[in-house]
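In the block that follows, a single chain appears as structure tokens, in the form predicted alone.
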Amino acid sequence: MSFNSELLNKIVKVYGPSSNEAKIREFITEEIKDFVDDIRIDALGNLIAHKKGNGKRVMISAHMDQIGMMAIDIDDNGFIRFTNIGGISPVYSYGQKVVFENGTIGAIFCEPVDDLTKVKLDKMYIDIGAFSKEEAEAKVKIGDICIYQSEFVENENVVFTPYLDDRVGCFIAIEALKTIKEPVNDLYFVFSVQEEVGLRGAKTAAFSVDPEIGISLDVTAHGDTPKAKRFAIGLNKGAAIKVKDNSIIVHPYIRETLVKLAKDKGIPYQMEVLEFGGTDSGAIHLNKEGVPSGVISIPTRYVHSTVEMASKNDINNCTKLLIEFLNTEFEI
């Protein structure tokens, strides 16, 4: 399987922070509309694409929203104070460029401190190069959201860019739905909203789709850098099959099915036991009377930074595993 750098490069650059996913939803719709039987948008903004089949009703979820920063105040000199939309690290954010939906560029810095590692967001500000409150307000309003601005970079081994979380999951879902021509199962590809602020889109989408099986695609952490916290996940070691995180203990049948498929098809894999965080499957598996659910995770370094890094081989192997999973005749 060749690596589709062109698509990934495009998809990570589209503006779409939590609650404001219209542009990325439009991008994905254009990308997939010729490969599915039906597309609809629910009341919360989830994009739900149906690829008809006769087997189990399967919901595949990847969140399309991004973390970001929302303007909460503008001072007399035009400096913008902000709050977080999702998990924003002050250390990762210091000195980074950001861009608002209208194209306004700014830079994040903070009040003078002795120890930068102890800085909190309430001491930070965005400088858009304005010299007065009025000048700043002509470009940025209270409630506007900005995201990190950085370049997509790749070499023969990896990609590193902001917003692999979770545009790489969307990328894998798109590649899979384009590959599957005659579905064994009844497939609902959900590109969900507001995951970064509490799995909100997946919750409403699951209620609507009413799946019999759920699978989500998302990034996971790493344990393979110098003196990293002990964690048996590393780049270029295969697709990560989740066992648990703070939102779910994966259903044994789903976990065992993924492992068996990986072994039978020669797909490199590793087992993921994450001690924090969650994915859309955390919401899906609690829908109505319960949904057997699992997660295919993409090992990623430096999550929620401007240089999230993932292995091209791992991404391809996650795609292969998803395709095999969706082509399975489930016995549950």
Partner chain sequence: MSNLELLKLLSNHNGISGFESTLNEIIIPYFEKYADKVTIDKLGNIIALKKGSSSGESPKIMIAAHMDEIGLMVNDIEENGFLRFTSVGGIDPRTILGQEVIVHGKEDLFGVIGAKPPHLQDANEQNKAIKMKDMTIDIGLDCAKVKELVKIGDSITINRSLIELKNNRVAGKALDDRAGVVAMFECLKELSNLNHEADIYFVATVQEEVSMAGAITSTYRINPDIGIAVDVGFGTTPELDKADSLDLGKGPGITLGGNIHPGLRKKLVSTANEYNIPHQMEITVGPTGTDARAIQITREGIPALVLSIPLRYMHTSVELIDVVDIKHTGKLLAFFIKEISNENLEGLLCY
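Bear in mind the structure is a predicted one, so any value in this text is a computation, not a measurement. Numbering follows the first chain given and starts at 1.
The same protein also exists as the form predicted together with the partner chain; that form is not shown, yet it is the one meant from here on.
Only one of I105, V91, I249, A138 comes within 4.5 Å of the partner chain in the model of the complex through a heavy atom, and that residue is I249.
Residue-level contacts in the model of the complex: of A232, V153, A228, L116, one residue has a heavy atom within 4.5 Å of the partner chain, and it is A232. Proximity of R255 to the partner chain in the model of the complex falls within the 4.5 Å heavy atom cutoff. The partner chain is not shown here, but in the model of the complex it comes within 4.5 Å of a heavy atom of L286. Within 4.5 Å of any heavy atom of the partner chain in the model of the complex lies no heavy atom of G53.
Using a 4.5 angstroms threshold between heavy atoms, V58 stays clear of the partner chain in the model of the complex. Annotation: in the model of the complex, residues F207, M271 and G290 each come within 4.5 Å of the partner chain through at least one heavy atom. With the partner omitted here, the stretch from 91-99, 172-180, 156-164, 239-247 that lies within 4.5 Å of the partner chain by heavy atoms in the model of the complex is 239-247.
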